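Encoded as structure tokens, the following chain is the form predicted alone, with no partner shown.
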Amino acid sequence: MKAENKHTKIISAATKVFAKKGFFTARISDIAKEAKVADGTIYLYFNNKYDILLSVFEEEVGKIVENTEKLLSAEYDPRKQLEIFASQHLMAMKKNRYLAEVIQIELRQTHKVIKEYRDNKFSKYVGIVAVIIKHGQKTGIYRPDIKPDLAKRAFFGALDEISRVWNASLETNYSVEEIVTQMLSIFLTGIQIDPANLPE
């Protein structure tokens, strides 16, 4: 088996093991068993479990970042850009529920490690939303008083919670399109009825 294939296989196995057992409970031997390689083979590619976890975020999230940025570069409307981001995230999390679980649980439990790893793909990924918000402000579509760094967390937090529910139940009553439409309606318009239509 080529080195590149073994590397990819170990990352995939680690994602599954971390999702099922949790990062702190999982052992290198568990990952090796899932990847069908010898324990020692893991150390040819990674220094330790933290190195593997960071690689999961860097490589798996990196693929989503690359694909999302490519689609966003072809769209100028910041409203459509938010739609693209939301759709891509939900489809990626639905496709890879193990990665979704690792992002939702391990990213929080091991946040200190991730925080110390400054130049990471996950920060860049969430930061895409802030870039979209700033673009919308410059084009006069989004309110200038909105704080992009807060907005990105609110938007991604909503997506993250929806993904969590999906993976908990393994099914949803709503399609990706319906969820994105609802999210954008809430996020862009809000839940309050136009003040002019409120009862006195």
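No experiment lies behind these values; they were computed from the predicted model shown. Start at 1 with the first residue shown and count on from there.
One more form of this protein exists, namely the form predicted in complex with the DNA; it is left out here, but the text below deals with it.
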Open item on the list: Would you classify K152 as touching the DNA in the predicted bound form, given a 4.5 Å non-hydrogen atom cut-off?
Closed with: no
Task: Non-hydrogen atom contact A38 with the DNA in the predicted bound form at 4.5 angstroms - done: yes
- [ ] Examine R27 and determine whether its closest non-hydrogen atom to the DNA in the predicted bound form is within 4.5 angstroms.
- [x] yes
Open item on the list: Given that the DNA is not shown alongside this chain, does N48 nevertheless sit within 4.5 Å of it in the predicted bound form, heavy atom to heavy atom?
Closed with: yes
TODO: Name the stretch, out of 140-148, 65-73, 27-35, 153-161, where some heavy atom lies within 4.5 Å of the DNA in the predicted bound form.
DONE: 27-35
